[in-house]
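To begin, one chain is listed below as structure tokens, in the form predicted alone.
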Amino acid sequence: MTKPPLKFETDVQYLKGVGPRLGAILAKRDIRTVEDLLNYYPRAYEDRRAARNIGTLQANDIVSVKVNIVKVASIPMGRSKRRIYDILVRDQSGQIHCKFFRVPYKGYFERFTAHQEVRLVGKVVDYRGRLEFHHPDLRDIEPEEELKDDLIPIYPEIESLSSVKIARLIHQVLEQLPAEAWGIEKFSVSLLTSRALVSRQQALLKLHHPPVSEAASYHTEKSTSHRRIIFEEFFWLELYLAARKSGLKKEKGLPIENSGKKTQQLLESLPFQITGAQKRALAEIKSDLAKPHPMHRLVQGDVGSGKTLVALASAVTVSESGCQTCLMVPTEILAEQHFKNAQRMFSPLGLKVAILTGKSKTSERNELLAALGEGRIDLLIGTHAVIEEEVQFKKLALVIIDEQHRFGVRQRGILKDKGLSPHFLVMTATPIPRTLAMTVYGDLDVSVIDEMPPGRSPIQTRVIYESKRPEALKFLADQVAKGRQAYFVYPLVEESEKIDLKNAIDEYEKLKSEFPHISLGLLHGRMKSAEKDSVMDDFRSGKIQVLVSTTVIEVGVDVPNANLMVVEHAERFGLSQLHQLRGRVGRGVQKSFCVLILGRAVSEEARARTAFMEQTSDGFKIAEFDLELRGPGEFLGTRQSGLPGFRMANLVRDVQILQEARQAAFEILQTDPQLTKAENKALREELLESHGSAALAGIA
């Protein structure tokens, strides 16, 4: 009985040499079908013609070397449980270290023993004046490999499946897959031609069996095959975002038109002039509010650039039309702060502001809900409490979400249902590089506040090691003696058995004994709301001179007299988080400082992060650098951002292709808004398959 021919949907366990056990291992990487296997791309290529020996290596070489293992060492990092693995290898010309800062998979290093002969493939790095390999590919010598003179794909290993075994499976598929099994090309001839793209079939064939003559472009991921797959990954996302944006523009909204008299009155009452960037953002928002479809706008700006003022002025504009605004924020501390600022600004205009958080008393809550339903509250400020079912508005026209990346899409949807397609204004104090904003917020229009208000003093930042901590404490005491206040931030609340780090509670007690003449306060997320409010009130009033805290003060805390931020174990924080923390100072007229203290066994990446903080205070430059270091998923938090996990595309490296893919997607929808043309039928079907009927709402 002959086997049926392979198809894209054939289960991988029916391939020769797979079966249920290996099929289950492949399934852990979402490889269940033949198509999934073909979409498992090589992570690098080994050029057998470039085989070298250790003695000829130079920094940045990508090489293939046959070596013998000398020894495998496990090096502890300080008192933590983390370890660096160091495999020393040699050939007849010399020896070199292979460093691993993470374990590829359980049992990986147990595979290697002294005198074992292996094939080493990787990039040579110059690490503190010594040539090394970092995370190279190490594998057993294959008996037949010396006969090959080729460009060999290197695949990420999957448990017991080595790169060589994965390559054999893929080669088997490419040999046995009939031409008709490849299906139709989803991109039209005009799209392929206009964007100079090869077909998907050609791209996959060459990715898994690249021509030696094009070795340079495959090593740098700039081949025509790479370009096709990268473009495709971006294109499907951008087509969905373009369709979604088109759908948002079709929704019927509530046009907000008025004289703007109260808004002007608010701006004239301020003790300062708003910046040009704030004026531009307000003009864009006012224009959006007047349109018959809901606004969906992202306002992004650096720490202290004045986004809150723009949001509150927008709420005043809405209130003049007899409508309501809801402002949702991530923390109670931030809600309280916005409430106090809004009350100060709104009261002279005869407008009513209310606050709703999890700690609101039942009697106050019931009274508030009644007033809200009757339209007697112009602006409601609150945490997640505002999305609860019993919170109903009379005429909700504007929803403002502060720190968008902390809320999921579901919460935006619940708020939307509380009004008649209300306008949406999304704010973030985490500057997002344009490339990432295009991808994550592609369905939103973007306003950028790229000017700082006059009077903000520059913050001097200095990175020091633990040994210099006494000097930092002396500097702290000197600033307090001058009448200033300071923050002392720690990554943990209490001592952890797993991680050897200083924690806020223990250090608070130590600092109290070291500085009995200084008034200290403690703030962390596990405290009750009333306790947190009391501490913050005492810090704002000056009763507390030094606030010992976790990152609960990262967003929104505004105490102009605080001019010093000290961050312990700064290596444990991301760049954007450090920038947010630093933004808590520099809000008064006095010179401000930020001291970043590094712990033991700090990685090169952590040193690079903190050194960059010393060089610039520009949040957008910091965000770009952070994106390069960490990648987009970790930068935003993939879970909340909804950012797709690209298999090959890289938002930093491939920004030009991203822009081309975005332009192509929007152009197609402009010429064929409903994707009904024959050449776009496959695009419509892909949207429906990937995102469901909701994706077609914008083009139906």
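Note that residue numbering begins at 1 and tracks the sequence as displayed. Because the structure is a prediction, the values reported are computed rather than measured.
There is also a form predicted together with a small molecule; it is not shown, and the following applies to it.
Participant: Consider the chain as shown here, without its partner, and state which of Pro491, Gly306, Gly599, Gly521 has a heavy atom within 4.5 Å of the small molecule in the model of the complex.
Facilitator: Checking each option against the small molecule in the model of the complex, the one that comes within 4.5 Å is Gly306.
Participant: Give me the residue from Asn366, Ser269, Gln273, Ser160 that has a heavy atom within 4.5 Å of the small molecule in the model of the complex.
Facilitator: Going through each option in turn, the one that passes is Gln273.
Participant: When the small molecule is placed as it is in the model of the complex, which of 618-626, 373-381, 275-283, 185-193 ends up with heavy atoms within 4.5 Å of it?
Facilitator: Only one stretch qualifies here: 275-283.
Participant: Taking the small molecule as it sits in the model of the complex, is Glu509 near enough to touch it, meaning that at least one heavy atom pair lies within 4.5 angstroms?
Facilitator: Flag for Glu509 set to no.
Participant: Should Asp558 be classed as touching the small molecule in the model of the complex when contacts are defined as heavy atoms within 4.5 Å?
Facilitator: Yes, Asp558 sits close enough to the small molecule in the model of the complex that at least one of its heavy atoms falls within 4.5 Å.
Participant: When the contact criterion is heavy atoms within 4.5 Å, does Pro453 count as touching the small molecule in the model of the complex?
Facilitator: Pro453: yes, in contact with the small molecule in the model of the complex.
Participant: Is there a heavy atom of Lys352 lying 4.5 Å or less from a heavy atom of the small molecule in the model of the complex?
Facilitator: Lys352: no contact with the small molecule in the model of the complex.
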